[in-house]
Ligand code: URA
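So this first bit is one chain, no partners, the form predicted alone, shown in structure tokens.
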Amino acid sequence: MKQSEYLKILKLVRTSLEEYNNWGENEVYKASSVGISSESRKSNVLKKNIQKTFSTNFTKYSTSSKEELDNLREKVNSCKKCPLGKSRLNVVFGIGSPNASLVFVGEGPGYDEDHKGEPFVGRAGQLLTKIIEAMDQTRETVYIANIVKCHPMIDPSNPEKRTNDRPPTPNEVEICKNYLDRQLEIIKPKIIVTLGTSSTKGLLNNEEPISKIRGIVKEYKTINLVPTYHPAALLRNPSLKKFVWEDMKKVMHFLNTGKI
């Protein structure tokens, strides 16, 4: 079945579920298959598959994670709560699976990300992609975001200038972090990997240098969190790669076994 056809079915199912709920029903009516046609049996099989995909308890039915993220993206696109929103070219919201078990969190978009509107697409992003693939994952199966959604610039008046990136300030992080928190609430990952000092400090409120805290399992809002070096640091100092890989092996072990 094509993805477009599947999405149409899901849309029809969602409408039906909402209608059931509006009428006070909390489960799908399940008729006996005795004496019914083969077409009806096929229909029942489809219904059972749908029931496996969606909870039959409609009081718990909610909008899909993708739709919730899309709605949040629209809100972020219009955000001007801090000066970063006035100088950016594009909001860099996030990319990947809305149901990812693993979320990577960087500090903020750079020049390339600001121009494309997608996180980690420059040299550091290419290295992150290699790390993800070495973990037997893809950019489509994980979720990648930043702790701030707009490009922090040394010279905000010149977004076309390269070497114009800077870390976000604590105030910028504080203002923007609510959006990341909402992303995490929607996605419900099993584990977070913070990349570098800004995202680690922003989520953990920890002043320790990344060299001291990396690889140590922490917790953020009941979600396991592993800090590690930012890929840009690996480009500057390739000897750090072995430490990042140690950290990623710990993450892979958790995803495979559920144990830290």
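Numbering starts at 1 and runs along the sequence shown. None of the values given here were measured: they were computed from a predicted structure.
Below: the form predicted in complex with this ligand, not depicted.
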item	value
Heavy atom contact within 4.5 Å of this ligand in the predicted complex, the stretch among 181-189, 130-138, 154-162, 99-107	99-107
Non-hydrogen atom contact H230 with this ligand in the predicted complex at 4.5 angstroms	yes
Interface residues of 120-135 toward this ligand, as seen in the predicted complex [heavy atoms, 4.5 Å]	F120
